[in-house]
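Listed next as structure tokens is one chain, alone, in the form predicted alone.
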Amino acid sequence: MLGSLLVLPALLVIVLLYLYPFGLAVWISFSGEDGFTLEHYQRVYEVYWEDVIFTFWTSFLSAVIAAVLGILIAAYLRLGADDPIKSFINQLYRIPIFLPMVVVAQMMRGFLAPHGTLNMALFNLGLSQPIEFFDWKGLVIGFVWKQAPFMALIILSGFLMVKDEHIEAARVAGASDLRVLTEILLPMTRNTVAIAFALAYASNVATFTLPYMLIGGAKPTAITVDIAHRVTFFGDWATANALGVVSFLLVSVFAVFYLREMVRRGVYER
């Protein structure tokens, strides 16, 4: 009885701030003037299906690239020799983690603009025409720049849990750092890497500021921008909620894996 009372405040927070709004959004998305309807999801399919696909593949691609970079950064910090360069990288890579997405978006607008830093550098290298980055390319670059350090921090925590004895034994047997990474660190921390990937991917799907400031109302764009436009210009909360439910479905597989892994770890640690 006492244990139930202790968890009651946390349970009420989850119900009131998460489960109730989500249930209400699902209810509204299926509600019409005559009761139950699928017209809002039909509108999503007819008008926004391209944006749904765009949101999925840009978020997934960005998470994959960020995972590769995060693994490489974490591997260098775990296996590299202690020197000033390693110490500098260890401090530098964490900076983007603490920058709000609105700051990242503004930075990317200046960096990726037709006459921005990147295009001017390419022009000095001989590129005659500026590259258009205010599309999926800029979105992927922004996501990767923001998410790679976050994933590196999580993956590095997993790498640090691997005992030095395993690494030293592999090196004594003649294994290179690449083999240590691929045959020891990654197999022993695959769940940690998967959790980092799931969190980064879900964050990409849910981000509004970066796609809005880089792409805006151009097509295709992210679901979050469509939701904002649907509410702001049409006052259509039902379709906006339907888009929200679709975005939840886009991350549901990774969310289920993340929750199951957290529960499994909690039971194991006890």
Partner chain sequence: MSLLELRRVTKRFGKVVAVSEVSLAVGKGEILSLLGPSGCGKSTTLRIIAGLTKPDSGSVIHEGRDITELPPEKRNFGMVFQNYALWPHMTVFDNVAFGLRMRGWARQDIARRVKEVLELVKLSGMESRYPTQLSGGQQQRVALARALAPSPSVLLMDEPLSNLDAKLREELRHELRSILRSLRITTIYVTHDQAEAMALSDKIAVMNAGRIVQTGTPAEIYREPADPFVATFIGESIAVPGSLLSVNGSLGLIRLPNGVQLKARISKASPPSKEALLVLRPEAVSLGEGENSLKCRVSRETYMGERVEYRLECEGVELKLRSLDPVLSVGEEARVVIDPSRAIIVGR
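Numbering follows the first chain given and starts at 1. Values in this document were obtained by computation on a predicted structure and should not be read as measured data.
If you look for the form predicted together with the partner chain, you will not find it shown, but the lines that follow are about it.
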In the model of the complex, does residue 172 have a heavy atom within 4.5 Å of the partner chain?
-> yes
Any non-hydrogen atom of residue 183 within 4.5 angstroms of the partner chain in the model of the complex = yes
Do residue 129 and the partner chain share at least one heavy atom pair within 4.5 Å in the model of the complex?
-> no
Mark residue 165 yes when one of its heavy atoms lies within 4.5 Å of a heavy atom of the partner chain in the model of the complex, and no otherwise.
-> yes
Of the residues 109, 94, 179, 137, which one places a heavy atom within 4.5 Å of the partner chain in the model of the complex?
-> 179
The one option of 89, 113, 188, 120 with any heavy atom within 4.5 Å of the partner chain in the model of the complex is 188
